[in-house]
Ligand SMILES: Nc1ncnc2c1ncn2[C@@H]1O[C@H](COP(=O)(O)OP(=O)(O)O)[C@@H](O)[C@H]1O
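Only one chain is given next, in structure tokens, and it is the form predicted alone.
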């Protein structure tokens, strides 16, 4: 297939810079999610890779070769958009084989490749149907099949599941994972849904404010965020500081190892995820007491706000026995506390 590398990419429209100094690599056969809020520049990056816009600075390389001077049709890159964008005047097979027909392939070869990709994507038997005769999920499968049948070096997915309902979206997530694993096509997947990115990708790159803030495995971004902004994006709510003393961060919630932070007297920021906060009815070793100010049932868990001397703590627990006004003990397990380098 192919590997993708972006080096020092700067992108924008008019005087405004949308993306600045972006360097990113997607390995051959890897599926990477480009994650970020709306307006972060994710789709702009895909459009630059596909050749629809030209970078202001930097370059795009596929298999180690710069492609900035190549038109979209010569880049071996295919992009699937938010909407399926199928041709209503063609049947499903005609839509899937359209790109092959434009390449001038023999009709027999087109039929063979279309039949094979329809089998792979679960569309066998639907080739003669019109677009309006198949479901939304089947339309997205057809759009994906139309891209895959071209055997691209790099597949770009621009939030292709955003228009689907929750159940169908989950099915399509699993389907795309399966297809990517079978085809081993290098894939850059754009989404603003952190759950989608964490579930589907080998690695995740988080884009905030036009800059790449962290790239790593889903677990690295979720449990070892590079900075407080990354932690907040992934649901971090508990932030506290303390004083460094001989490799320990001493805080109102306990003392925590901080091997990446040096110099006594410094006050770095630390965080712990709500689901890692432990609660108990009585004080114990390493706990601090607090009062429940608010609770919110969220289905499989209950979110609890506790006022402690060290500040407000948010906990997420499967237990629902806590109520506003109760006193309880709060524990921060040291191995769950992330201290950010000062």
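What you are looking at is a predicted structure, and each value in this text was computed from that prediction instead of being measured. Numbering follows the first chain given and starts at 1.
Missing here is the form predicted together with the named molecule; even so, the following discussion is about that form.
Exercise. Residue 287 near the named molecule in the predicted bound form, any heavy atom under 4.5 Å?
Worked result: Although the named molecule is absent here, residue 287 would stay clear of it in the predicted bound form, with no heavy atoms inside 4.5 Å.
Exercise. Quick one: is residue 328 in contact with the named molecule in the predicted bound form, heavy atoms, 4.5 Å cut-off?
Worked result: It does not: once the named molecule is placed as it appears in the predicted bound form, residue 328 has no heavy atom within 4.5 Å of it.
Problem set entry | is_contact(residue 295, the named molecule) in the predicted bound form, heavy atom dist at most 4.5 Å | Close contact is absent here: in the predicted bound form, residue 295 is far from the named molecule, nothing within 4.5 Å, heavy atoms only.
Exercise. Would residue 311 count as touching the named molecule in the predicted bound form under a 4.5 Å heavy atom rule?
Worked result: Outside the cut-off, so no.
Problem set entry | Contact at 37, 40 and 43 by the named molecule in the predicted bound form, all three, heavy atom at most 4.5 Å | Every listed residue reaches the named molecule in the predicted bound form, so yes.
Problem set entry | Contact segment among 22 to 30, 43 to 51, 61 to 69, 296 to 304, judged by heavy atoms lying within 4.5 Å of the named molecule in the predicted bound form | Going through the listed ranges, the match is 43 to 51.
Problem set entry | Residues within stretch 11 to 37 having a non-hydrogen atom within 4.5 Å of the named molecule in the predicted bound form | Going through 11 to 37 in order - heavy atoms within 4.5 Å of the named molecule in the predicted bound form - the hits are 13, 18, 37.
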